[in-house]
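Single chain ahead, written as structure tokens, the form predicted on its own.
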């Protein structure tokens, strides 16, 4: 299968290519040799990914560098904190790494966020490459330069916009991805279909089983469509001041649910529920019909994703966690709501009572 390249344009020649396809990882040595010759390489990953893919990446890099430093941390959202950044940075200093260092972020969304933020602050910034190994990271978090770590009060409250030098998406990584993690990525992919791209919504409807069966051509189209959508949005709003907010469909309530659960629920599951809440509010505001709401909920259900609030979670706890959302203005709840098939918009100052009614309707 041929590789596909999607270009993300940014001012001041900071744009980069997203390389997608089977064996895309094999393009890594040439990219490094052409752009970062004589740089020290450090792989940032988690202990699970290292165990599975260490030999793969070492074999690929052996043609250009036999002195690769591997640094890893415990897998999971619990590691996404500032102390992890301090530990990794200290290990890099002890290893003698200077500003002439290239970071390779090998892993899912947590690894990409940590490695990207570390790269943005280590010796006032070093370049990095995103090599996502999960569907969630491939379709969303590896593209666009959002990096950061969590605080007890909420997700990604410390971070930076820092773009990678390239993103290499090797779809063969998905062959070892557990089914539940694959579904977490499907939620982020569905976000584009429900809120931005009606043609992608149609593609989902026609190919649910093919997607679940990891059909190569189908996965290629799915991932490429998501990355193309995100590249266009980020190119027009790198720092999340306007249209990039649309990429947060389902995330306002989703992040509130994640935080109030102590991050015990998967990100994709929470985003799926958040999209259902957003759809319910959109119906309440006469922005979409109940049939359109049902179409969204049915798609998520067919993908194996939740569309109701889990037992034991009150609207009060979710609302409280939502109040730490980065995009809040004063006391306003800012939400992405639906206003058509494959269409969404940002609504400021959504009535909190509406949000509570929607949450309770799904409880």
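Positions refer to the first chain, counted from 1. Fair warning: this is a prediction, and the values are worked out from it, not measured in the lab.
Not on display, but discussed next: the form predicted together with a small molecule.
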Which of 42 to 50, 25 to 33, 55 to 63, 293 to 301 lies within 4.5 Å of the small molecule in the predicted complex, heavy atoms considered? The stretch 42 to 50
Output flag, 249, 269 and 308 jointly within 4.5 Å of the small molecule in the predicted complex, heavy atom basis:
no
None of 159, 109, 154, 127 but one has a heavy atom within 4.5 Å of the small molecule in the predicted complex; the exception is 109
Consider the chain as shown here, without its partner, and state which of 238, 197, 77, 228 has a heavy atom within 4.5 Å of the small molecule in the predicted complex.
77
Does the 4.5 Å heavy atom contact test between residue 286 and the small molecule in the predicted complex come out positive?
no
I'd like to know if residue 242 sits close to the small molecule in the predicted complex, meaning any non-hydrogen atom pair within 4.5 angstroms.
no
I'd like to know if residue 262 sits close to the small molecule in the predicted complex, meaning any non-hydrogen atom pair within 4.5 angstroms.
no
With heavy atoms only and a cut-off of 4.5 Å, decide whether residue 136 touches the small molecule in the predicted complex.
yes
